[in-house]
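Only one chain is included here, represented as structure tokens and corresponding to the form predicted alone.
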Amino acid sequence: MFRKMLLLGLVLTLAAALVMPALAQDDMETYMLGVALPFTGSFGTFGQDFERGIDLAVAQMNAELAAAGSAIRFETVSADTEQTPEGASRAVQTIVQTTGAQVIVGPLTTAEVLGAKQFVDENGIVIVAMASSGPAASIPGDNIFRVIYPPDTFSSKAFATIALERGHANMVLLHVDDAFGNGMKEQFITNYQAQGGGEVATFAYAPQSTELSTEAAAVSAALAGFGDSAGFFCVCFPGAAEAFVQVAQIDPILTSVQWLGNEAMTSDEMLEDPGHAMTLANADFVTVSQSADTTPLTPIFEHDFVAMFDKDPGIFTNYAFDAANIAMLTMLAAGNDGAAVKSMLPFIANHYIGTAVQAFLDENGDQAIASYGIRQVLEDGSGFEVIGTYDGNNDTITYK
């Protein structure tokens, strides 16, 4: 199938050559598009899939540019952020210093985005992030645009409402100790207690931890202290979440309460282990995650992704595809210049309808349209189903 895609691209290019004046090699101009993502670590599968989404966007854009007779082509250069702030800073600097790229798609997490922030702000480089959501990166006037996934100021309200709807008079929260996890903790506590919730016991784990037996014991003890009305909220990255569930599945307290969790816990790997799957199913695990909305572009993206890579796109991969398109469309309008791209990108983003929702940026350069799906593990642990939606712009949950 990939061969057919290549042949189609050749046909389009040859057809354009018949109707357009031939472009000399010297007339061609290459725009470098940086890709800074975690290709290793617990988010490695996310980063690898996101890169495929970006590659699809670039291949399609280049085919269209060739058919139109344009002299511009896009080329990507990638670097591994290693899922750390320091790694993200190194990755972005390496891309810029070795290729002169002015625009970077990524990084993934808020901690990584903030790790690269000083360099991009000082050097006029633009970051177009697809899934960073921590409020700590909601900063007006900087060079960071988070164009698809909205800040957690919205989803935290939904989590708080669901916890109270479930009758949880108190909560125990485990979170990754980084900008994303700390931000979600603070936002959740504020919203939960503002709506009448009680005490929230919190426990943090180091971002690179893959052994959480100590944290699991502490969470279990806190739940036992609160009694039957308590609930559990895990703000965890995939590797740590799997490690926690591994311990939790044999804990009588942790297996007797209802769980909430962030969208990273909905990865396919979470349900590959039957014990993990049934632990989440028995906990009535619910997450507030990516938009449940679709546009006419959604099935087209999914079809094209499968045709190019012979696999289904993973969660959020379409957001990487959309972020790359916003970056390239802005570069085509403003040129291959960081300052011009920074000035033009909000206008382009605000007129872009992607594979899930329309992009529309607030004064911080963050996605302002907050539309989420509420997902629950199926009773047999085989997958997740959408049981409702949350509209963050009017703070409304609607169940099916």
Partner chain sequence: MPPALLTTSLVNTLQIGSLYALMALGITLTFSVMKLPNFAHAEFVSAGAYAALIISLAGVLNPLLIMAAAFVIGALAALLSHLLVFKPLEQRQVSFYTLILASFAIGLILRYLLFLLADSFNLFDLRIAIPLRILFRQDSLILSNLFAWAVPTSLLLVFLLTLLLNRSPLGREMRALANNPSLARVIGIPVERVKNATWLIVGGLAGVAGALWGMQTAVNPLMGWAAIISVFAAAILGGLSSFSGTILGAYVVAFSENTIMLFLNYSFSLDLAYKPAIPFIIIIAVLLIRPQGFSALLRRGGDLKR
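Residue numbers count along the first chain shown, from 1. For clarity, every value in this text was computed on a predicted model and none was experimentally measured.
Although not depicted, the form predicted together with its partner chain is the subject of the following passage.
> Note which of Phe180, Tyr149, Tyr205, Phe305 lies within 4.5 Å of its partner chain in the model of the complex, where distance is taken over heavy atoms; exactly one does.
None of the other options qualify; the answer is Tyr205.
> Can you pick out, from Thr295, Thr214, Asn123, Gln97, the residue that has a heavy atom within 4.5 Å of its partner chain in the model of the complex?
The option sitting close enough to the partner is Thr214.
> Considering its partner chain in the model of the complex, find the one stretch among 123 to 131, 149 to 157, 315 to 323, 250 to 258 with heavy atoms no farther than 4.5 Å from it.
Going by heavy atoms within 4.5 Å, the stretch is 250 to 258.
> Classify Gln246 as contacting or not contacting its partner chain in the model of the complex by the rule of any non-hydrogen atom within 4.5 angstroms, answering yes or no.
Judged by the heavy-atom cut-off of 4.5 Å, Gln246 is in contact with its partner chain in the model of the complex.
> May I ask you to check whether Gly373 falls inside a 4.5 Å heavy atom distance of its partner chain in the model of the complex?
Judged by the heavy-atom cut-off of 4.5 Å, Gly373 is well away from its partner chain in the model of the complex.
> Look up in the model of the complex whether Glu263 has a non-hydrogen atom within 4.5 angstroms of its partner chain, and give yes or no.
Heavy-atom contact with its partner chain at 4.5 Å: absent for Glu263.
> Within a 4.5 Å heavy atom cut-off, is Asp310 in contact with its partner chain in the model of the complex?
Although its partner chain is absent here, Asp310 would stay clear of it in the model of the complex, with no heavy atoms inside 4.5 Å.
> Go through 259 to 283 residue by residue and record those having a heavy atom within 4.5 Å of its partner chain in the model of the complex; state none if no residue qualifies.
The stretch touches the partner through Glu269, Glu272, Asp273, His276.
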